[in-house]
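In structure tokens, the next block holds one chain alone, the form predicted on its own.
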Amino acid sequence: MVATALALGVTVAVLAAMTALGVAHSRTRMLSVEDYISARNSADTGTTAATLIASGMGAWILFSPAEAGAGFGGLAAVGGYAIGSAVPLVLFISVGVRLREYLPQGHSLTEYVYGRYGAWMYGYALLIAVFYMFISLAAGMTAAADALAFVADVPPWITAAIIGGFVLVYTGYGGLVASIFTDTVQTLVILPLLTLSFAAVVVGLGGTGAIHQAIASANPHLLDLGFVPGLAFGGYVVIAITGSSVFNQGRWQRVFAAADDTSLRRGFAIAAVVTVPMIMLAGLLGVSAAGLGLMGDAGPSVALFVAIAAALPEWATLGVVVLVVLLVTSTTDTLFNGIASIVTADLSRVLDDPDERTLQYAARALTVVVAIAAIAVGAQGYSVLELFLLADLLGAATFIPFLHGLYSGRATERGVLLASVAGLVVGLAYFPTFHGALVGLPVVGSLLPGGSFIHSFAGAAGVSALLSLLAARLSDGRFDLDSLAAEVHSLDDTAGPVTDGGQPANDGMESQGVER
């Protein structure tokens, strides 16, 4: 085990470097409100791919895929997780182009849903988006806290507080511009470090041939691509990740940040291709830890770290500490900025001509509150996979009706809202985490089916999709999708430039820019 003080020193050094880079880059530009929350049309193909990889490949990659391989179905489960992580990126190639076409000045998913459907669906989607981003923040903090506690016995609350504090500094100062820049730097470090770490562990465990032979002898089901529990896990993870990703504001921001449609298509495609082998490698180490009998009393969520501890010398785990810190900061800054951007974009519409100070304080206040709550939850050590599944169910029940209105003018607010709620009810009826409590309810409890994740997620998505399509068929109305552009305007229409990493420009007139 690495010395606690050494691990903390490395953690602080990495975070300080990222913070300095983010702040320094922001100081080189005159930043408007638009830069802070959308960085519109600024990211070429490489930058788009890099920021998607870094913001999407958080510290959870060191926990959830390995946990899937060790505890939920071996190779088949890992394959499903890899595919599930790539599908949303492929989906956003089509969705993103349409968003840019119909909302050329868009900033957030809530602007789309308010303009397309109305206030009720807006409120429902806002609840899902904020809840998902909060759970993602908490899961990232949990992953980092678990990693450093396992590697160096660092108290979880210290890890969560240090990471949250540093990331708040540079995202509050530089907004999305700082986030995208640090994402690019992090990707250039994360990918080779991740690859080298995996390669070193495989060599340390005896090589691929020895690992395969040992697993095939002791636990052959872990290598069986037709293993039914693994296939079931893979199936519902595809639905779960796709559904929740639609409500990740960080993805929407990067759609508008892409330089043009070509950069969007290529950037999202590259990110999808890169994601699959990274997930597979992480998951295979979990399969190795379980198949080689290394787990002992450890839970499946730390399977990858069990393999690392068995394969690498103590000093080499410092590289893992660096990797964990980079991975969690790359997603945390995205989520902090995503929450702030929703607040800023929505307040500019809801309030009557809000001034700079109102937008600034509201965005920062909510971001800090959510960050503190995420740090508190992250210090508790809950299962990362279970945290994500809880948020994923809401997304799975809603994402098809939610996106239906982007492709069909016949989709209505009442139809998609009822479809989404009905899908959620079906999903909850099967959801194993709540099943024990639900079956105890009078009258209804005895009628509920047995708990099953695959039935929960497939049922939620399937029922909501069918009801949304049925409601659209029965609708006589036609929504003009071209009218969406008039619902959303550039925040720079009423806001002045922001300089020096977020300090309002002072040219003798009151600035309407937002410092974030």
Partner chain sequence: MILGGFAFALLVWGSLAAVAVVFAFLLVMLARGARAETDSAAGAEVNP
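Numbering follows the first chain given and starts at 1. Quantities reported herein were computed from a predicted structural model and do not represent experimental measurements.
Not pictured, yet referred to below: the form predicted together with the partner chain.
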Point to revise | Gly436 within 4.5 Å of the partner chain in the predicted bound form, heavy atoms | key: no
Review point. Would Leu231 count as a contact of the partner chain in the predicted bound form, using a 4.5 angstroms cut-off between non-hydrogen atoms?
Key: no
Review point. According to a 4.5 angstroms non-hydrogen atom cut-off, is Asp224 in contact with the partner chain in the predicted bound form?
Key: yes
Review point. At the 4.5 Å heavy atom threshold, is Pro192 in contact with the partner chain in the predicted bound form?
Key: yes
Review point. Mind checking whether each of Arg410, Ala419 and Ser475 has a heavy atom within 4.5 Å of the partner chain in the predicted bound form?
Key: no
Review point. Exactly one of Val274, Ile158, Ala149, Ala214 has a non-hydrogen atom within 4.5 Å of the partner chain in the predicted bound form; which residue is it?
Key: Val274
Practice item. Answer with one of Pro220, Pro104, Gly165, Pro432: the residue that has a non-hydrogen atom within 4.5 Å of the partner chain in the predicted bound form. Key: Pro220
Practice item. Could you tell me which stretch in 476-484, 60-68, 460-468, 43-51 has residues with non-hydrogen atoms within 4.5 Å of the partner chain in the predicted bound form? Key: 43-51
Point to revise | the partner chain in the predicted bound form - contacting residues of 184-206, heavy atom within 4.5 Å | key: Thr184, Thr187, Leu188, Leu191, Pro192, Thr195, Phe198, Ala199, Val202, Val203
